[in-house]
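Before any questions on binding or motion, here is one chain by itself as structure tokens, the form predicted alone.
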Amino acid sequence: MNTYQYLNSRVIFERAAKVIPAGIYGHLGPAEGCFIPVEAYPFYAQRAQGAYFWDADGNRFIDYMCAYGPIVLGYNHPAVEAAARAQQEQMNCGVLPGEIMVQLAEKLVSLVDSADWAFFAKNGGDVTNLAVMTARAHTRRNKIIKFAGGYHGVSQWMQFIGNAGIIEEDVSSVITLPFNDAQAVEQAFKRYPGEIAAIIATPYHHPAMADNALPEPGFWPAVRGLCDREGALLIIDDVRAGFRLSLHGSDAYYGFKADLICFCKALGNGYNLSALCGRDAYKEAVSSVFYTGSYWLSAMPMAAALATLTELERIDGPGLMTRQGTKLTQGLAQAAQQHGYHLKITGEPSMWYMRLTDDDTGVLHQQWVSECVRRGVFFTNHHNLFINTAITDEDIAYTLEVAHDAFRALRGAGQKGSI
């Protein structure tokens, strides 16, 4: 099986490094950990369609990162693109919102169990931050509980002392607890009586660079009960998992109800839009918060989002992604076993995390992933991976062929498993 080369990507990166901080900044940069070893990865894409993208050298990849989650129906989905073009011909960014904003809010309220209203922004961090501000406005309290490893954006309150630009005052009101430990939550309420405004959490624990954890039986009912008893809000950050588990919200999928729930990534199939939804009791509080942006009322992404939700509903997108994800992850685990390795898979099949457990350093896993990427299957090595509805059985079969060949490459390089 041939492996890819990335000559054009490197030439473009040399130009970029002269005019762009770090060449490619943020989590997409080659120095940020997900793209190691860097020589295995392309740096720039040329085009995308369906389940695939092509890099600057014309190499085709099956994309299991789905643009870090937004691509839920496949790139350039015809219904989504048609809706976006039709709206663009009328108006996109204007001085007033379009009716499409009301239509999209009505759709979300009709689908999402914990939604009586919707507030739109652009990025996931926009709405997680708004959720925290809303909780503080409603409760007149300061402190927030989050769970260790949980990622809710890059606002100062979500970062750590030691991160560049972060000072103690930014994080002094954040209490960090272990996920799945309802007793620790109860103890925090006892330690800070009348001070905790909200708990913010993902519906299941999906940190970067660590195994994922599903909620243990009884955890969410216990947390929901503690919030009700103590007068704190329960915020679910569904930015990453939203609409991949259920169209009713991931809180509904796990059998409880959030007070506020945050959506982004899959909402617009690549169009930049996010939404905070919530219960009627918090509509006055969110309305009182000063929070806006020049592009937040843009109509074109809202039309794309309405089309995305309509299509996901029509095809039962969450069910389809779960079935395809199950086929893929089971096949990958079996491929590892056949070659004498152990591939541990955690999380949900539509948004899974995987790592080879045959060495403690993670280097072996990085090497295996890099061999897959060189053969046209785009994984990253320290992040959740994603299914979209355009990924076919043929794509999964090819992915498994690549996985086998990548394991053979490890064996050929003398990298033995521990099974």
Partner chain sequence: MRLRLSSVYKEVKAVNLERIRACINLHAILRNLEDLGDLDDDARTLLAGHDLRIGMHVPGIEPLTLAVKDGAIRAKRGSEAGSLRLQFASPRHFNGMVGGSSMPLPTGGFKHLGFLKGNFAALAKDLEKYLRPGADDLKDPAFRDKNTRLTASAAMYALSEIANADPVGRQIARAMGEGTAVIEVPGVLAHAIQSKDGRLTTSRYEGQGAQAFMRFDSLDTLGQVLLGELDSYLCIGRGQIAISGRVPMMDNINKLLRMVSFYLA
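Residue numbers count along the first chain shown, from 1. Keep in mind it's a predicted model, so treat the numbers as computed, not measured.
Only in words, not in the display: the form predicted in complex with the partner chain, which the text now covers.
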| query | finding |
| --- | --- |
| is_contact(Ala82, the partner chain) in the model of the complex, heavy atom dist at most 4.5 Å | no |
| Non-hydrogen atom contact Gly376 with the partner chain in the model of the complex at 4.5 angstroms | no |
| 4.5 Å heavy atom contact, Val38 to the partner chain in the model of the complex | yes |
| is_contact(Glu401, the partner chain) in the model of the complex, heavy atom dist at most 4.5 Å | no |
| Residue among Asn163, Gln334, Asn142, Gln156 with a heavy atom within 4.5 Å of the partner chain in the model of the complex | Asn163 |
| Contact assignment for the partner chain in the model of the complex, among Asn59, Thr389, Gln366, Asn384, heavy atom within 4.5 Å | Gln366 |
| Joint contact, Tyr204, Ala222 and Gly347 to the partner chain in the model of the complex, by non-hydrogen atom at 4.5 Å | no |
| Stretch in contact in the model of the complex with the partner chain, which is absent here, among 353-361, 66-74, 47-55, 389-397 (heavy atoms within 4.5 Å) | 353-361 |
| Residues from 208-240 in contact with the partner chain (non-hydrogen atom within 4.5 Å) in the model of the complex | Met209 |
